[in-house]
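Next up is one chain by itself, shown in structure tokens, the form predicted on its own.
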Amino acid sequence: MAEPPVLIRQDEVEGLLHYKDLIPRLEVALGKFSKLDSAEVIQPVRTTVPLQKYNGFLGLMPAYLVHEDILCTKLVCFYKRESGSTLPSTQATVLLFDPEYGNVKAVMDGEVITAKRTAAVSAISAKLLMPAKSEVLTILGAGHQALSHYNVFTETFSFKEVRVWSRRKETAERFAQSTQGHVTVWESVEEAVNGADVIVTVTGASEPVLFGQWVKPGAHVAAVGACRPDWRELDDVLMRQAEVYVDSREGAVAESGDIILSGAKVFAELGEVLNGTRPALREKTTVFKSLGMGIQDAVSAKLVFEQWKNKH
């Protein structure tokens, strides 16, 4: 008889999931995904259930990594909130299964997993694509994803300057005060991104906030918000002048308003670059459009569960 599932709370997940362990595992998973071997990685495109009454969606993200024998699904509600709303923009739960017996082994808070695995993949994109001498990092947005991206980017790279912008200046100021290092708050997106080598967009925007004319040639943009076909963070100019990389082609053409509405062409998946089958065009302006994948949650959940077992 299967044991009842363990419940791993948010604070526990936070203490068990570390970027130095997570990033190498995500690189392996992304590479395997891009080999298009359905016997190795099984991951359908995210299923969404509209929550029109609350201006949101329920997303279902199952995945099975055969070689690692990881069966997992994430249930995530995400919302387009009004400016100043105190309600969360996302809520997530991750279920880790025993693939042989079919029982749930662990139920985990999904907020930390979502924030950390998303930021880790953005850092992988920057490692592959950002200019060789990158000194200025700009973060557009000041929520949970902004903090996770700040943490992994400052842990992984050595920027001389970090800037932040948010629609509400007080939110950006709170964010800057919450970080360990020196972060400067900027009044406008145009000023904040002027001369930046790496730009991370983690906003709740449904219309473009970052315009190509403001982005310096050769910069790298990690675009994380706008996860619906009719939502955008980046304008047509930027999308069409940049080389566009994604985590999943299939997911991008189904879900990314930045790609669908601009008509931009996807140059490569990150996994293809990791596999050496597509080049990293570091000298060009690049956009990594992140949508997140079930395999990223699965790899993270297994790592959390392994660390949890080691402590119990």
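Sequential numbering from 1, following the sequence displayed. Just so we're clear, the structure is a prediction, and the values are computed from it rather than from any experiment.
Below, we refer to the form predicted in complex with a small molecule, which is not included among the displayed structures.
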(request) Consider Cys227 of the chain shown here, and say whether it contacts the small molecule in the model of the complex, taking contact as heavy atoms within 4.5 Å. (result) yes
(request) Could you confirm whether Leu291 comes within 4.5 Å of the small molecule in the model of the complex, counting heavy atoms only? (result) yes
(message) So in the model of the complex, is the small molecule close enough to Val76 to count as touching (4.5 Å, heavy atoms)?
(response) yes
(message) Taking the small molecule as it sits in the model of the complex, is Met61 near enough to touch it, meaning that at least one heavy atom pair lies within 4.5 angstroms?
(response) yes
(message) Please pick out the stretch from 238-246, 109-117, 179-187, 211-219 that is in contact with the small molecule in the model of the complex, where contact means heavy atoms within 4.5 Å.
(response) 109-117
